[in-house]
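The chain that follows stands alone, in the form predicted on its own, written as C-alpha cells.
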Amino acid sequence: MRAQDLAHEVAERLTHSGSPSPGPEARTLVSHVLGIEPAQLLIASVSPRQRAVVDALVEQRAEGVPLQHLTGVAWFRYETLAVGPGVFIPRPETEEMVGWALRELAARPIDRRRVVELCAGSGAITASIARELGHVELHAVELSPEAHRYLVHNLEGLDVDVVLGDMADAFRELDGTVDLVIVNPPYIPEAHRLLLPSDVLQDPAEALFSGADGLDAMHVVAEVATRLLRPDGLLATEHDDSHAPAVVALFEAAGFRDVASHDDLTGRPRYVTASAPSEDGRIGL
C-alpha cells in the first residue's frame, strides 16, 4: 500500500473522530511509523506490520491521546522536544513570547543576559533562547519530578542551571541580578476543567489549573520576579486569553512598570510583559 494513500485514509478516520487537524496529524502518524519525513510519503510504501501499528495509533488518537504522546516529540520554534505523560506539551501560542524575549535580550550587552525560566516544563522556552541567541546565562526551575526528567533531557548539552523545586523559593542566590524572568505558568480557572478537550486534559493538572480564577500562580510569579529582577530587568508571562486585563492589573498593583499585553499568532491576547518595579515600589516579601 502506498503511504500517501494510507495517510488519506487516516485523515478521514481522524476527521470523524473530531481531530482539529486531521490531515497534518495523519501525515505525522504515518511518517512516524515509517521513520521518514512527511515529504517522503509520496514515494514510500507501507508493510502489513506498519499498517497495524498505524491503526493502533489512530485508535489511541481517536480516544483522545495527544498526538505528541503517540510520537514522543513536540515541535516548538526550531526545537524538537521529547514529551510524554507527565510534562506539559508546548504550544505554538507561546512562540511569540519567546520571540519578544529574544529581541529584548539581543538589544542588551552580552554581560546583561541572565535569564530565569519559571515553571520550565519541557524546557521549550529555555532551549529556544539557548540555541537562538548566544552569550545568555540560563537558569530553569520545575516543580514536578516527572516533568523535570524531560527538562533535563531536552536541555542536555546546553549550559543551563536546571533545578527541581518550587519557583517560590528558587534561585534566591540570584536575587536582584536577573535581566529577564520568563514563564508559562498554570493559568486555567478550575471551573473550566469540564470545558477542555480531552487531549488537553492529558497534560498534568498542576501545569494547567491555578485556583478559582486561574491567577493563583500569577501572584507567585509577581513575587518571585520582584525579588529576582535587577532594577532594569524584564518580565514576560503567558496567560489565558480572557485574562489580559486582570493580569495587567495584577502586575501594575505589584509595582511593575510599562506593563503591556501582547497577542499570540492567532491574534488573541496571550502574554504580558513588564519592567521590574522601582526600588521604592517593590512589594514586600
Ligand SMILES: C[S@@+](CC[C@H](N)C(=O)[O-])C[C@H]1O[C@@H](n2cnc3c(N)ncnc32)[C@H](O)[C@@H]1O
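Keep in mind that this is a model prediction, so the values were computed, not measured. So that there is no doubt, residue numbering starts at 1 and follows the sequence shown.
Although not depicted, the form predicted in complex with the ligand is the subject of the following passage.
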property	result
Candidate spot Thr94, Ser144 and Asn184, all three touching the ligand in the model of the complex (heavy atom, 4.5 Å)	yes
Partner-contacting position among Asp175, Glu206, Glu190, Glu132 - heavy atom within 4.5 Å of the ligand in the model of the complex	Glu206
Listed residue that, although the ligand is not shown, lies within 4.5 Å of it in the model of the complex (heavy atoms), from Asp166, Glu156, Asp161, Asp213	Asp166
Answer range among 166 to 174, 106 to 114, 67 to 75, 194 to 202 for contact with the ligand, defined in the model of the complex as heavy atoms within 4.5 Å	166 to 174
Non-hydrogen atom contact Tyr150 with the ligand in the model of the complex at 4.5 angstroms	no
Distance check, Ala127 to the ligand in the model of the complex, heavy atom within 4.5 Å	no
Residue contact check: Leu180 to the ligand in the model of the complex, 4.5 Å heavy atom	no
4.5 angstroms heavy atom contact with the ligand in the model of the complex for Ala101	no
